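What follows is a single chain, given as structure tokens, in the form predicted alone.
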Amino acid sequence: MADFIQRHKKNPILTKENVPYPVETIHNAGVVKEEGRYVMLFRSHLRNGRSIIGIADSDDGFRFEVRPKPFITPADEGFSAEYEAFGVEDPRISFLDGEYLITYSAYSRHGVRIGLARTTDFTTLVRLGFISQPDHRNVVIFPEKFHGRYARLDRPHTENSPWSIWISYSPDLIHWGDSRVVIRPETYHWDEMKIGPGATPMKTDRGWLHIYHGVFKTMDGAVYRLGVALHDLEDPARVLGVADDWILQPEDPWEVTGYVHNVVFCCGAVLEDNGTIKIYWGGADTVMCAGTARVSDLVNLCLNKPRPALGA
């Protein structure tokens, strides 16, 4: 099988030992390139089991330095406090209208909701509110409007059209609707148990390239892999192709064994000017890893070897 992603030779690129404050893991990071530097927002478990979001910087996209303090911790006052009480997780970042939009999963006794925040400099953060009811996860906002509306991909926790990827639209980032399912798990396939959006979609000349995760249940537990889909440039609800093959699976020791075994989970990727993509994934919910892929290889995989987006 072709290796669509070339793992970085110095993986894992970040571990808990690189964090200058006490954490037990570092994983599931959103990444963007801002004025030539790379900024990573990563999830970490604290020793009490709850999660916070840290921040790191890099000049080359591989050697990151973690800042002295976390970037997002559960709010301790105001409206957000009740809905973030159990932790904040799995950030995604989109650059749109001159600012960075950050979506994250907020856990509390009410379940998991999606929080939305914004920043212009990755120094200050403004919470905009919650953009889902319970239970939704894995929200990624397209970095472009469509006919004046924002668009997002998400994955509801539900057995109705189970564990599928949906698209929704909004006039103002807060109120979302016109929702429809766009990709479903494929029966007896590497993603048959559940799927969910991963990195923020990347614009190519053939369509919006979207890295997602898929889960397969085995006798030894679930295996998380990465796949790729291509959405129409003008109508992202129209899926041009979902690759039949996965593009990455747990293989290295730090992906196979850790806090959660057999996991590669992507929340961030950076499209470079030379036609390559830097892809970032959490290994076994414990460490951060990185690799590179060619845009053309992933696009061609979607178009030349597809499986049905909505199932057979």
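All residue numbers refer to positions in the sequence shown, first residue = 1. Everything numeric here is computed off the predicted structure, so don't read it as measured data.
There is also a form predicted together with beta-D-mannopyranose; it is not shown, and the following applies to it.
**Student:** Answer yes if any heavy atom of residue 260 is within 4.5 Å of a heavy atom of beta-D-mannopyranose in the predicted bound form; otherwise answer no.
**Tutor:** It does: once beta-D-mannopyranose is placed as it appears in the predicted bound form, residue 260 has a heavy atom within 4.5 Å of it.
**Student:** If you check in the predicted bound form, is residue 28 within 4.5 Å of beta-D-mannopyranose, heavy atoms only?
**Tutor:** Looking in the predicted bound form, residue contacts with beta-D-mannopyranose include residue 28, since a heavy atom lies within 4.5 Å.
**Student:** With the partner left out here, check for me: in the predicted bound form, does some heavy atom of residue 90 sit within 4.5 Å of beta-D-mannopyranose?
**Tutor:** Residue 90: contacts beta-D-mannopyranose in the predicted bound form.
**Student:** Might residue 64 be said to contact beta-D-mannopyranose in the predicted bound form, defining contact as any heavy atom within 4.5 Å?
**Tutor:** No, no contact at 4.5 Å.
**Student:** So which stretch, 249 to 257, 263 to 271, 34 to 42, 64 to 72, is the one near beta-D-mannopyranose in the predicted bound form (non-hydrogen atoms, 4.5 Å)?
**Tutor:** Looking at the other structure, the answer is 263 to 271.
**Student:** Identify whether beta-D-mannopyranose in the predicted bound form is within 4.5 Å of every residue in the set 97, 150 and 203, based on non-hydrogen atoms.
**Tutor:** Checking in the predicted bound form: none of 97, 150 and 203 is within 4.5 Å of beta-D-mannopyranose.
**Student:** Within 275 to 300, which residues come within 4.5 Å of beta-D-mannopyranose in the predicted bound form, counting heavy atoms only?
**Tutor:** Residue within 4.5 Å: 285 only.
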